[in-house]
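Shown here is one chain on its own, the form predicted alone, set out as structure tokens.
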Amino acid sequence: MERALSDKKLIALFLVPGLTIFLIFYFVPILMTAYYSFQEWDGINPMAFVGLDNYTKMFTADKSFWKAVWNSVAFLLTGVFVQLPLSFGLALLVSRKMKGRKWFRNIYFFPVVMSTTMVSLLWVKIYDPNIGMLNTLLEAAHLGSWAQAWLGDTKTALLSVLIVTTWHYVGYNMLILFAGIQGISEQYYEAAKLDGAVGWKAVRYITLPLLSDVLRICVVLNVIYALKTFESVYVMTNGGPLHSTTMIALKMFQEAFLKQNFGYGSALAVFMVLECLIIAWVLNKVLTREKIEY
């Protein structure tokens, strides 16, 4: 009993440095941001308490806020219903015993090791309406009528950014799912083959059920990433044109650091944190092993 108590004290001692860093650099700033959200402050003059005015403005007077919310939903749906199925398909492909699968796995994962800024700048050049590769290929294929300013048109800007983020991160989920598939014993597939479960049936009744925990992690990661997207939108469009690609994180940055409206920017930050926490909690409740049906 005494040794168990001593071990617990030793474990707690080792946790102190990490917990201290977490409190200083994560928890305390969150509390300070929540405090600032009830103030009107330009970062220089004294703060003035305004109560819930910043939140009232956010939900009732700021139309671009709701546009940012919708864009976040678009990123979320794309990550879950487009990016994740593509990643799962690629993971199944590279998990097969075929020649060159390591080469294919590295090719699919290569965009992930590139920085978001680098990827965004690369695609800005590809989308360039004058010298971009995309319009050049369309012209070469006699589809010049399709060529346009992809990032400068409100009808195509959001879709263009979604394509880039999907291409950038599809390999990340693929690698996680590939590791999960590799952890499934071949004995399950051999037993299923005796019952005639091959191909898609094996995937449906063996791979998916045994991969449910990994899929849940990927869903949560994709959702959180979608809700806090910033770099790609900032580099490619800066939220334009006409707020068609504005995200909550980008709007928070613009309000706080460009307009020096730290109170309203903090309110947006609080909303984003609560949004991520609530949605992640709901997903963890819904996507439990007991509630997933096949």
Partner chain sequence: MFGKKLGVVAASIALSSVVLSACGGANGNEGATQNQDAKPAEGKESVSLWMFDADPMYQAAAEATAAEVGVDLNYEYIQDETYKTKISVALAANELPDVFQQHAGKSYRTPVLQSKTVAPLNDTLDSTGLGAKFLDNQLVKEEDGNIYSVPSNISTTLVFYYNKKLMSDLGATPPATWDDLQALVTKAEAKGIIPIALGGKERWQGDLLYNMLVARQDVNAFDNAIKGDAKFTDAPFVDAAKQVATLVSSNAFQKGFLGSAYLDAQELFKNDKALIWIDGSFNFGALSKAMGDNLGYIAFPKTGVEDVYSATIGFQNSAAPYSLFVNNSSKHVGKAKEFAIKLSLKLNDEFVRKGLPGYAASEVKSESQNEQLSAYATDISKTAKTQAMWFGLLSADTGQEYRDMTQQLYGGNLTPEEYTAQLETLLRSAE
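Residue numbers count along the first chain shown, from 1. Here the structure is a predicted model, which is why all the values come from computation and not from measurement.
Keep in mind the form predicted in complex with the partner chain is missing from the figure; the text below concerns it.
Enquirer: Using 4.5 Å between non-hydrogen atoms, is F65 touching the partner chain in the model of the complex?
Expert: F65: no, not in contact with the partner chain in the model of the complex.
Enquirer: Can any non-hydrogen atom of V235 be found within 4.5 angstroms of the partner chain in the model of the complex?
Expert: V235 belongs to the contact set for the partner chain.
Enquirer: Counting only non-hydrogen atoms and a 4.5 angstroms cut-off, does N54 reach the partner chain in the model of the complex?
Expert: No, no contact at 4.5 Å.
Enquirer: Even though the partner isn't displayed, in the model of the complex is I184 close enough to the partner chain, meaning a heavy atom within 4.5 Å?
Expert: Although the partner chain is absent here, I184 would stay clear of it in the model of the complex, with no heavy atoms inside 4.5 Å.
Enquirer: Select from the listed residues V50, M58, A249, V69 the one whose heavy atoms reach within 4.5 Å of the partner chain in the model of the complex.
Expert: Checking each option against the partner chain in the model of the complex, the one that comes within 4.5 Å is A249.
Enquirer: Give me the residue from V82, V112, V124, L210 that has a heavy atom within 4.5 Å of the partner chain in the model of the complex.
Expert: Filtering the options by heavy-atom distance leaves V124.
Enquirer: Tell me, please, which stretch of 114 to 122, 199 to 207, 186 to 194, 96 to 104 lies within 4.5 angstroms of the partner chain in the model of the complex when heavy atoms are compared?
Expert: It is the stretch 114 to 122.
Enquirer: Can you confirm whether N45, P129 and F262, the three residues that make up this candidate site, all sit within 4.5 Å of the partner chain in the model of the complex, judged by heavy atoms?
Expert: Judged in the model of the complex, N45, P129 and F262 all sit within 4.5 Å of the partner chain.
Enquirer: Heavy atom within 4.5 Å of the partner chain in the model of the complex: which residues of 241 to 260 meet that condition, in order?
Expert: If the 4.5 Å heavy-atom criterion is applied to the partner chain in the model of the complex, 241 to 260 yields P241, L242, H243, A249, M252, F253, A256, F257, L258, K259, Q260.
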